[in-house]
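Only one chain is included here, represented as structure tokens and corresponding to the form predicted alone.
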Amino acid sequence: MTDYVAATRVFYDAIAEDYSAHFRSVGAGRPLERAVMAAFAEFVRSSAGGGGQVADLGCGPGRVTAYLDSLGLSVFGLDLSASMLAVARRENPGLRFEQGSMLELDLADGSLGGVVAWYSTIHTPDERLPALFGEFLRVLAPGGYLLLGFQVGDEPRHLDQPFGHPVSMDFLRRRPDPIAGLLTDAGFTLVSQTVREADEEVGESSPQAFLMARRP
């Protein structure tokens, strides 16, 4: 396991309960985010293979997983953090959650109709993104869809001792166009690129990007 993967797991194990309580109103709870996910779900259901299973990678407490399930998708969540998964299973007892790394997915080639990485690539170093996007492409069936969410910017945000826990982490912000280019280089066809401005009322400090791509 790489150092940054291990550090990410330790960070989220430490803050899982506080994170879950604090961020109940974000993620799938916002209008534009819900619209993007609804479009993704419709694309997956109408894809050439008639849909297929969807993986919510870096699912955290499972709220996006649950929302995708409510849209009629056959979805499961995967996360590094055992503590986050404990919250996800407690809050969503009817859904499946597994522990693992999205860098090395224990899934057959072409086995998924969709992949969601909702703010879960933000700890992956730039040099590892091509391999990560290649792994996403590998597990998607032809015609399958990928949905990414991430913060927009050029400089990382450093968070030190969140909720009073003795851990810290960098949150990488990126520009949509270079990410779109990396997806194209990996073999994806870009479907949409949406940017929402920062909502200062809830403490956001940067715009939010949502990219959807398709495996040809």
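For every residue, the number given is its place in the sequence shown, counted from 1. Everything numeric in this text was worked out from a predicted model, so none of it was measured.
FYI, the form predicted together with a small molecule isn't displayed, but the following is about it.
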Heavy atom contact within 4.5 Å of the small molecule in the predicted bound form, the stretch among 186-194, 172-180, 56-64, 39-47: 56-64
Contact test in the predicted bound form: F133 vs the small molecule, heavy atoms, 4.5 Å: no
Interface membership of L107, the small molecule in the predicted bound form, 4.5 Å heavy atom rule: no
Touches the small molecule in the predicted bound form: N92 (any heavy atom, 4.5 Å): no
The small molecule contact at M102 in the predicted bound form, heavy atom, 4.5 Å: yes
Answer option from L73, L129, L78, A141, heavy atom within 4.5 Å of the small molecule in the predicted bound form: L78
